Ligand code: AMP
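Take a look at this single chain, the form predicted alone, given in structure tokens.
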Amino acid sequence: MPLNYLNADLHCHSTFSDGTLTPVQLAERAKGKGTDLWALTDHDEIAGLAQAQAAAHSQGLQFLTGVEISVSFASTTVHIVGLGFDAHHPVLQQGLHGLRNQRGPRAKAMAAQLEAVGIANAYEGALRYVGNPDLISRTHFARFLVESGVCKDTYEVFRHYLVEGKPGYVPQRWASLKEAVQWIRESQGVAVIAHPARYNLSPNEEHALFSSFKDYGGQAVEVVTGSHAPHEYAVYAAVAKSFGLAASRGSDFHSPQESRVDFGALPADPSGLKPVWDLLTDRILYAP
């Protein structure tokens, strides 16, 4: 199959961050749903990549290394995906280690806020859902709030808790945009702006995000993603063309019970876009 026609999923999460399936289970699911090219992109963590790579090989699934890096930009948390990098590069490893070290104190502050509004033991409750304690996140707290009956599902959680202005929200200073792109570039990877429609940036802020990203060496943006509404595909296809960026894609899959889009279910990219894997042909593992 020509590369331009790959059914690629280059954004998902395992138990090494805030997903509910192991890398092996994700590889099996991706293959079973017709995925041709897969990347595991855990939050600020690459420890699951060895398992993912081995599982992809056993499934006959083409594979790229991946990670999703947390970035602070314009008073908002933005995510930058890295693809096709050297997972052993010390600059990337050290940068991600620094980010993970910030999550524990933040989680305890989130739990204290929830306790103040009558929700006790949230930290211990969230830990029950954590495969990697260094990566405790809002998603783990959300699962605890559903389990304990505070909310009926995670969508309700993020309407009433853990977001700005609501109990359990604790802002975090993550990597800078420049740092994240440089870590990826120095480890021979391609940097991608993840699901840009999610950030609610003003037009000026969004233009600054894309301009700075391009200036720092960023090369792609997610266009078709499980985190975008269908009408937003065309919007960000136009943005990709305007800034000369390649198009990436992915379900942002976390869980069979929670994710809006499954592997293999995304539509094709809008026409006229350069697929991100065209930049990574020498780094795709197990390519036929």
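In case it trips you up, residue 1 is the first one in the sequence shown, and so on. Predicted model, so just to flag it, every value in this text is computed and none were measured.
Same protein, other form: the form predicted together with ligand AMP, not shown, and the subject of what follows.
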Report task. Would you confirm whether the three residues 43, 158 and 198 all fall within 4.5 Å of ligand AMP in the predicted complex, going by non-hydrogen atoms? Result -> yes
**Report entry** Heavy atom of residue 79 within 4.5 Å of ligand AMP in the predicted complex
**Finding:** yes
Query raised in the report: Should residue 138 be classed as touching ligand AMP in the predicted complex when contacts are defined as heavy atoms within 4.5 Å?
Result: yes
Query raised in the report: Might residue 100 be said to contact ligand AMP in the predicted complex, defining contact as any heavy atom within 4.5 Å?
Result: no
Report task. Look up in the predicted complex whether residue 254 has a non-hydrogen atom within 4.5 angstroms of ligand AMP, and give yes or no. Result -> yes
Report task. Note which of 89, 106, 178, 207 lies within 4.5 Å of ligand AMP in the predicted complex, where distance is taken over heavy atoms; exactly one does. Result -> 106
Query raised in the report: Heavy atoms within 4.5 Å of ligand AMP in the predicted complex: which stretch among 178-186, 138-146, 119-127, 89-97?
Result: 138-146
Requested in this report: Scan 199-232 and note down the residues that get a heavy atom within 4.5 Å of ligand AMP in the predicted complex; none is a fine answer too.
Outcome: none
